[in-house]
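For reference, the chain that follows is the form predicted on its own, supplied as structure tokens.
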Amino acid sequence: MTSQDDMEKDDLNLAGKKKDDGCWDDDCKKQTSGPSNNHQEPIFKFNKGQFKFSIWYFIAAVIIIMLINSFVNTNAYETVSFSTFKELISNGTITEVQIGNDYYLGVINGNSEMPGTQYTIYRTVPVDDVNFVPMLDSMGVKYSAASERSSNIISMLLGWVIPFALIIVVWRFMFNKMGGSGSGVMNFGKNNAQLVAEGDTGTTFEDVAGADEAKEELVEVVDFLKNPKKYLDIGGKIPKGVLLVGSPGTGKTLLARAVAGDAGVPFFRLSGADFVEMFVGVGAARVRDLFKQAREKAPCIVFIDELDAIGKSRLNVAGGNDEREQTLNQLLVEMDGFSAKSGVIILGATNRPEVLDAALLRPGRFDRQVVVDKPDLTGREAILRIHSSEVKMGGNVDLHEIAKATPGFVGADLANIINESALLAVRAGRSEVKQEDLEEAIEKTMAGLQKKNRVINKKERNIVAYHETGHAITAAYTEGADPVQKISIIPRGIGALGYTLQTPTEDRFLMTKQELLGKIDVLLGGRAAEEIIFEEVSTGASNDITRATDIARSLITEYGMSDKFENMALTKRSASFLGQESGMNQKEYAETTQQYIDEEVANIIRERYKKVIGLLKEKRETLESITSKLLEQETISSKEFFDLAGLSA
């Protein structure tokens, strides 16, 4: 990496060819051409950069000269009324008249002070008078059409100077704003990579938590960049490319920065979208320029974020995209052409590896894929400790409990929770974060902001209270259901009039059929409580029944848990990663099978609803007592709920 001092020296050498003895070339020639004692300092001395020629100086000088010329050549005149002008003609004062479109000029011949010259001494604005010309004829006054005195100057300004100035302005604007940035019309082929000097990424592996397996995979990359000789001596080859794969927010970019920070090498960072332009061939040119710079800075790391923007598969693409394909082809060529000794490592990141072209993933290009998964309980706690290290935490803060309450959260979510808790503490006028701030931040992230000022009528408030209590009691008496952490009828987010917060006691990756049916039971508990108490149901359960229906349909079509189609998948799932669907499922069954699926889903929902109705009727007294307490204080904690229900937490 070139230092600032070196850059300044390079500028001097390019501008003036400065000698080692401290003098410029021209000055040195003057000094050596004669005795040194005869050398005199110039009277006017301009330092480097003090004066620069600009086209604007030339344009300004031309305009000033033309204006001066216009004023110098303009004769003095006196403006008079049209009637006065006619009187001057009648009494013989004006002997010649110049008739213009917008004015008349009266001229006197034979001025005594400057013989032989004509002076325009009177000027008037004409009036439509049909007798004016006959009057001139009767008085013997010469008359002619007046020439536009400023027409030549105006024509030059409008026809040459102003258009030329506008061209200069537009050209400079395009060059500075577009071309100079490296991505405009003057530099389409230049890449937009941000170069970070070695050690300036500000991130090392100590700043990364919750991704221990991924860190271990990347240690080899760092070690190769630091000690390549031991790998080359044994004949081994380091992977040319490492692809970081993971859900959004899991820390792929953070890991790439940590690799560069620990390796202490230059780090090129750019997005896949930076290569794509509307002009065909621009992306390929930028790829060539990027790898040319990378080879010059080797050993170094090139990090391409959102690789799927240029690396999508070329198969089954109707029509195609010539620009994207050319860019991808050039990337494939550049990566395959790397020597194992080049010292250039390519890091890519994407959350959609299933859409990448197979040629990009083959050994020799991105020949190592590192999965950056969502952190487990231990990883979440470690991430929380890193992000909370610079936040003032109270003595009652238990980050382990917060980690247990955030299953499925990624690093970005956990960082946001710490930040939100700090903001909540400041809003409450405290100087440190308490446990309740962190818990409120979790609820805010999951359910939205509290809306305590929303006015709800008494009937709706009662419906919401019984609805949420129905969820909680069903969860408490359903085997395998996640334990209840809080019940609230304080509105949150968009349309949520209340909520029941459940968090699992441990990270789960598999679920049995009975556990899935238990989830359906809990979702139907709210509507069942409404029907038992009010003998009618409301629209408040719309989201619950949608989720319950989806689970029931998945039991039959995806998990092979139906009686008729046991161990059979009835849909072809689109490519997905870590549970994220990238498209709609494709049906692979007849219409009669569709009818069976619909009927079976309805049967499952009907049977589970009857079961929940029976449970809540049996626990009606508990349902009413807990609801009464909830209406009184709006929020019930986990301990209060289990005490009221007569259960152990």
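Everything quoted here is computed from the prediction, not taken from an experiment. Numbers follow the displayed sequence, beginning with 1.
Form predicted together with a small molecule: not shown, discussed below.
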{"query": "Partner-contacting position among Pro248, Gly395, Gly236, Gly202 - heavy atom within 4.5 Å of the small molecule in the model of the complex", "finding": "Pro248"}
{"query": "Proximity to the small molecule in the model of the complex, single hit among Ala403, Ile442, Ala209, Leu218 (heavy atom within 4.5 Å)", "finding": "Ala209"}
{"query": "Residue stretch of 513-521, 131-139, 83-91, 251-259 approaching the small molecule in the model of the complex, non-hydrogen atom distance within 4.5 Å", "finding": "251-259"}
{"query": "Full three-residue contact with the small molecule in the model of the complex, heavy atom 4.5 Å, for Ile383, His387 and Gly411", "finding": "yes"}
{"query": "Contact label in the model of the complex: Ala415 to the small molecule, heavy atom within 4.5 Å", "finding": "yes"}
